[in-house]
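For reference, the chain that follows is the form predicted alone, supplied as structure tokens.
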């Protein structure tokens, strides 16, 4: 299994290496625009728990970017399936389903961590410095990217064409990106809306990433919930890959 995992992961890393300049540019554009449009617009007049809106926004962007970049591995998988027929080669190779899923999930997580690094660098230019050295901060990012990379692999096996991928992004990722506590505190919403939004994994990821960045010890239940959801999505991805092989 280990050799198969390395082969799948190494392939994705080599592709990422060839596109790294373009990927870094893509990863930086949206956060930069959000920081300029929202961060400067709000200024220092809007504060949440003693922090400026810029300080509130950056952890939210980290949560959102790690989600979107981890989920973006599904696009690469679909291109490989429908245009390059790489998945057919994996089917013929002695690579287990678990090795394939683990390799793709790790590739998605790698992209997510790179995007986080980009945002942290951008944040320095806006004079925002938070508690990024906290191990719980990076654990939250890892769990968040694991959840959405696993979901991406599973859904990539279900779509029937590359065009369907944009529909998944529009109905799953985009609403979550704006409603998952990234741009505004969830507790400012009506109670009925909070109950719905707390069903989203990104909401829990945003909360613990922001709390750890602010030096606050978060509730461990959020980490446990993200881990459980991640494992369930990973198992779902295994099942979907197995069915796609058949």
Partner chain sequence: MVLFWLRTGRHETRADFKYHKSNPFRSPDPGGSDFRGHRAFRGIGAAPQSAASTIPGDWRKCKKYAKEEMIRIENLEKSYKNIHALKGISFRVPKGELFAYLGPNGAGKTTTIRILTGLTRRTSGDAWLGGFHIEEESLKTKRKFGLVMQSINLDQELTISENMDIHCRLFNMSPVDRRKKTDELLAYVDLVDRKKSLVKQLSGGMKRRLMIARAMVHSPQILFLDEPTVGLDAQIRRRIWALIKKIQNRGTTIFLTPHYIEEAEFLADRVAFLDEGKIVVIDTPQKLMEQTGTWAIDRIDGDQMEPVYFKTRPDADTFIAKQEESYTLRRVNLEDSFLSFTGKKVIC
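Positions refer to the first chain, counted from 1. Predicted model, so just to flag it, every value in this text is computed and none were measured.
Quick note: we don't show the form predicted in complex with the partner chain, though the next part is all about it.
Among 130, 176, 95, 106, the residue placing a heavy atom within 4.5 Å of the partner chain in the predicted complex is 95. Proximity to the partner chain in the predicted complex, taken as a non-hydrogen atom within 4.5 angstroms, holds for one residue of 224, 232, 15, 24, which is 15. With the partner chain omitted here, the record of contacts in the predicted complex names 80-88 of 80-88, 165-173, 109-117, 130-138, defined by a heavy atom within 4.5 Å.
Annotated contacts: 3, 7 and 19 all touch the partner chain in the predicted complex [non-hydrogen atom within 4.5 angstroms].
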